[in-house]
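One chain is shown next in C-alpha cells, namely the form predicted alone.
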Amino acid sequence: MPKVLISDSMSDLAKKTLENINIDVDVKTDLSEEELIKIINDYDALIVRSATKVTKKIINSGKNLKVIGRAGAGVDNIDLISAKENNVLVMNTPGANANATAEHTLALILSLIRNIPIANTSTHNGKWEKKNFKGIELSKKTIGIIGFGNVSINLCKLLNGFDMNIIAFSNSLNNRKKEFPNIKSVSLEELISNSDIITMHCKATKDGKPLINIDHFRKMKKTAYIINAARGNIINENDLNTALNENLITGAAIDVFSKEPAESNVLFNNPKVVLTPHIAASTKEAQVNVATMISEQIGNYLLNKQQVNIVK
C-alpha cells in the first residue's frame, strides 16, 4: 500500500480523500529539516503547503519518494532541480485558490486607497479624524496587472464593476487576446508609467532577482499604489520602503515577503503600507479546494500513474 506524508496543516479532506482509496496517510506538521530527513524514506509521496521547505537534503533522503504535491500554486519552497535529478515528480494545484487570492487582492486595494486600516485604529482610539482619511475611487483609474494567470483572470472579473481601465504585462496574454478584448497588453515600462494601481500576479524571476526595483519606482506616478499577493521576492522590499519614504509612490499593500515567516521586515511600521501575513489564499473554500485537488492528483498518480499539473 502506498504511503503519503502530509507535513503542513491543511483541510482534513486531504487525508480522508487518500484514505478512501486505500492509501496510508500520516499527518506530521511543524517538522524541522532534520526530522523530515529521518522519516521521508518511509513515504512514496509528500504533500505540503508553503511552510515546509522541501530541500535538496530532504529529497535526496527520500529514496522511495515518487511525487511531491503542493496544495497551492507556488512551488518556491520546493527544490525543483533536486526533484528532477531524483526523478521525483512535483505537482501543484493551479486555479484552486485563484478566486480567494483575487478577492484578497481587491480587499487590499480598497483598504489601501480608502485608508481603512489606519482609520479603523484611529476610530477605535476614540478619535474622529475624518479629514485625515480622504481616499480615492477606483472608477476611471488605470490598473496595471503584471502576469496574467488564473488569479488575474478572476481579478479582472471582479474589477468589471468598477469601470476601470485594465492593462497587463504578460507573454501569455498576447496569445489569448481574443479571450480578453477589454484588456490592453502593454510593455512593462508602459504599465509602470501609466498605472494608478499596479498589482503583481506573476512567478518569481528565473535568476531570483526582484522584478521591481528603485528604477521602476522612479518611473511610477507619485500617486501610484502597488500591491503584491504573488511572490515575496518580486519586489525589492528595501527599494519599496525607500520609494514610500521619498514619496515616489503613495502606498503599498503586501501579503508576501522575501523571508517568511516575516518576524522582522524593513516595511514593518511604515504607515504607508498595508501588510497581511500571506493569507490571500486562506479562505475556508480555497483550503478545501487545494486539499481535495492535490490529494486526488497524488492518489491518481500513485495508483494509476496519472500525471496532472506537473511542474516542470
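The first residue of the shown sequence is 1; numbering continues from there. Fair warning: this is a prediction, and the values are worked out from it, not measured in the lab.
The discussion below concerns the form predicted in complex with D-malate, not included here.
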Proximity of Ile47 to D-malate in the model of the complex, heavy atoms at 4.5 Å
no
Using 4.5 Å between non-hydrogen atoms, is His104 touching D-malate in the model of the complex?
no
Contact between Gly144 and D-malate in the model of the complex at 4.5 Å, heavy atoms?
no
So in the model of the complex, does Ala71 come within 4.5 Å of D-malate, heavy atom to heavy atom?
yes
Go through 36-44, 61-69, 23-31, 273-281 and give me the stretch that gets within 4.5 Å of D-malate in the model of the complex, heavy atoms only.
273-281
Find the only residue in Asn97, Ser152, Ser195, Thr199 having a heavy atom within 4.5 Å of D-malate in the model of the complex.
Asn97
For 215-241: residues with a non-hydrogen atom within 4.5 angstroms of D-malate in the model of the complex?
Arg231
